[in-house]
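Here we start with a single chain on its own, the form predicted alone, put down as structure tokens.
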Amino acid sequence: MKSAKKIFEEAREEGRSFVLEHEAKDIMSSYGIPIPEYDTAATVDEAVKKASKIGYPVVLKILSKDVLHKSDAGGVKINLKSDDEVREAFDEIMKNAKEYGKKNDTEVDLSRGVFISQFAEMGTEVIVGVTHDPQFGHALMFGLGGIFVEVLKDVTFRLIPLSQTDAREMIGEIKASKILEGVRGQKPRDVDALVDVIMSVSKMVDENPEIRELDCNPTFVYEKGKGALVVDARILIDDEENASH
């Protein structure tokens, strides 16, 4: 597996200020961050073969340096349950990406094909993110995902690097923390696994200061003892001249 530094270097050589999804997952995997099984496929036949190997249901996403926001380009298909559904989804994603390119007067590079991932079972949705401030450096953000982020803005921040105590305090600070403790007959969530995710993200960013922005959203937290999974990840990077220190 390539190192984070090598991935960032290759992204910059391509003129990208972001890493592709499989690259983000490669970096996260190297830091022990739990993610669904994944692969990439350049052709429809390869997509079927690899989806079958991962095991249905799966998710397919466009893999292109010209598409940062995949959903906007019709480049995401979820909960695919058979070879036929994967074939259909692959063709549709490619067609949508071409249309997206035409609308935006750009030619979308489709040579990389698609990112294939195991379709993760729903858990309690949280967001773990990172922002960079020129004065204070990197800060990690934590909150409940979905409507809690969009509507309630129920999030908390700490400067990186974090301690275990910081991570636990963050989880307890948000207004919706009782949801993680288990309410209305629901079982408590795996807070220990969530602390591990937060600590690993902190370490990853501390060791790779060129990360400018990061979103692990959604991250699913399961019942106590059943772990957590970072389902979607987006990493933006600085160019070499402005790399954050």
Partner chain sequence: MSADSTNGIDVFFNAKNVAIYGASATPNSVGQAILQNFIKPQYTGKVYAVNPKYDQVLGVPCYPSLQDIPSPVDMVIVAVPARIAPRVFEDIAKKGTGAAIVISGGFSEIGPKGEELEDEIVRIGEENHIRIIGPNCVGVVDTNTHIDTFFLPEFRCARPKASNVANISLVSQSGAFAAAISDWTAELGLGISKIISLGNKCDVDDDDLLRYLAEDPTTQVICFYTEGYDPGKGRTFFKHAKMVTPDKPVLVVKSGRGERAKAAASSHTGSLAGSDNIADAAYRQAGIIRPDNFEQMFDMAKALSMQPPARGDRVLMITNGGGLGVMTTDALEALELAIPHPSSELRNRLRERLPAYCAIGNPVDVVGDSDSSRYDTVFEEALRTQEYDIVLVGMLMQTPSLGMDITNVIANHQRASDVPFVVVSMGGGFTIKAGEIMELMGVPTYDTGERAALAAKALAEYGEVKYGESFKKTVNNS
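Computed from a prediction, not measured in an experiment: that's the story for all the values here. Positions refer to the first chain, counted from 1.
This next part talks about the form predicted in complex with its partner chain, which is not shown.
> Pick the stretch from 135-143, 70-78, 95-103, 115-123 whose residues have a heavy atom within 4.5 Å of its partner chain in the model of the complex.
Going through the listed ranges, the match is 135-143.
> Going by heavy atom distances of 4.5 angstroms or less, which of 109, 83, 91, 169 would be at the interface with its partner chain in the model of the complex?
Looking at 109, 83, 91, 169 one by one, just 169 meets the 4.5 Å heavy-atom criterion.
> With the partner left out of view, is residue 215 within 4.5 angstroms of its partner chain in the model of the complex by any non-hydrogen atom?
Yes, residue 215 is a contact residue.
> Considering non-hydrogen atoms and a 4.5 Å limit, does its partner chain approach residue 181 in the model of the complex?
Yes, residue 181 lies within 4.5 Å of its partner chain in the model of the complex.
> Does residue 29 reach its partner chain in the model of the complex if we count a contact as any heavy atom within 4.5 Å?
No, no contact at 4.5 Å.
> Please run the contact check for residue 24 against its partner chain in the model of the complex: heavy atoms, 4.5 angstroms, yes or no?
Result no; residue 24 lies far from its partner chain in the model of the complex.
> Let me know which residues along 2-34 have a heavy atom within 4.5 Å of its partner chain in the model of the complex, or say none if there are none.
Going through 2-34 in order - heavy atoms within 4.5 Å of its partner chain in the model of the complex - there are no hits.
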